[in-house]
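Shown below, as structure tokens, is a lone chain in the form predicted on its own; questions about how it binds or moves come after it.
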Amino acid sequence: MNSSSPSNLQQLLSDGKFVVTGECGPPRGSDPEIVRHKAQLLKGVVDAVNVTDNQTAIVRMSSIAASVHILNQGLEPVMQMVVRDRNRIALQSDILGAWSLGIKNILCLSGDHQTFGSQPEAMNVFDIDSMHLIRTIKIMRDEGCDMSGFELKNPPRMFIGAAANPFADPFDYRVIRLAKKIEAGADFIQTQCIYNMDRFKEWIKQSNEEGLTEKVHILAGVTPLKSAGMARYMKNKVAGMDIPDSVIDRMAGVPKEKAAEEGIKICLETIAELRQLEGIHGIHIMAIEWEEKVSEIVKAAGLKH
């Protein structure tokens, strides 16, 4: 049975610490060693690690199972949950199951549409949206009942997270949507990875002016680039991504063997700039399949507590 004490992530943020979270994508298979290896690369480096839920709409080990493997390695998971694949019954059931296994943090997402994945003919569910999922978990936690009003024994006292994309259009709606997620029950926010700093600064400025950064903990997302090709692909093929041409030109302007090094340099410069901004409570490093670089980034950025 899970204890009702706050998660490590929740406690650190409540104490005003500047946190660092990482990310772990479960494998396309059932080998727990792959998850354990990634966990060991991140242990002692980040305060918690996101565990993705069938990201890019491709079948992978379940987020719940991978979160438990990570927990068993002495690391705290942030279990991602998408509304694409489950109806409201299954969502609530998995939340209860996750809590019973010791998972205390959850990140509520819509999920990449199945047409982008390996099985585009799969039927989507989207019984409720991510906003409704946030509200559902808050009701389960604070009121101790499920969506039908049925009382829950040992309700899930989860620390609730949501995503924000300051780069999607229309821009004017970005801060309004953030306010709606906070009102629904989000305790912390992880942003899309940041390359367009001017636009991000405008978003966080508006969020500060609306008093939103006092109501929620915002973790700014960064992803180190490995190559100019990766930057171009993300700009052109990944929905909601905003990579200025100046960043692509910079990556393309160094020899190929130096590109990864340049990508890390850009990431470190971004983190340094983000740390100067009012309203940022931590950094979320998304280095999927490049977990071995997270320790280097955290140390070079001076992010250790």
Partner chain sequence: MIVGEQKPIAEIIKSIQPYRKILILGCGTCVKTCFAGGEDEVAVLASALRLSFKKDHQEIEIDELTVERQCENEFIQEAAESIGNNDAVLSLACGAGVQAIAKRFATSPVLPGINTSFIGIQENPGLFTEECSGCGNCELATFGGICPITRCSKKLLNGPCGGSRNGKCEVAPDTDCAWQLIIDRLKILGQLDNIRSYIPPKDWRPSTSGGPRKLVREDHII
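Residue numbers count along the first chain shown, from 1. Since this is a predicted model, take the numbers as computed values, not measurements.
The same protein also has a form predicted together with its partner chain, omitted here; what follows describes it.
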property	result
Triple contact flag 111, 128 and 177 to its partner chain in the model of the complex, non-hydrogen atom at 4.5 angstroms	yes
In the model of the complex, the residue from 208, 92, 165, 73 that sits within 4.5 Å of its partner chain by heavy atoms	165
135, 141, 86, 226 - the one with a heavy atom within 4.5 Å of its partner chain in the model of the complex	135
Interface segment, criterion being heavy atoms within 4.5 Å of its partner chain in the model of the complex, picked from 115-123, 217-225, 73-81, 153-161	115-123
Interface membership of residue 149, its partner chain in the model of the complex, 4.5 Å heavy atom rule	no
is_contact(residue 183, its partner chain) in the model of the complex, heavy atom dist at most 4.5 Å	yes
Interface membership of residue 169, its partner chain in the model of the complex, 4.5 Å heavy atom rule	yes
4.5 angstroms heavy atom contact with its partner chain in the model of the complex for residue 233	no
Residues of 218-256 having any heavy atom within 4.5 Å of its partner chain in the model of the complex, listed in sequence order	239, 240, 241, 242
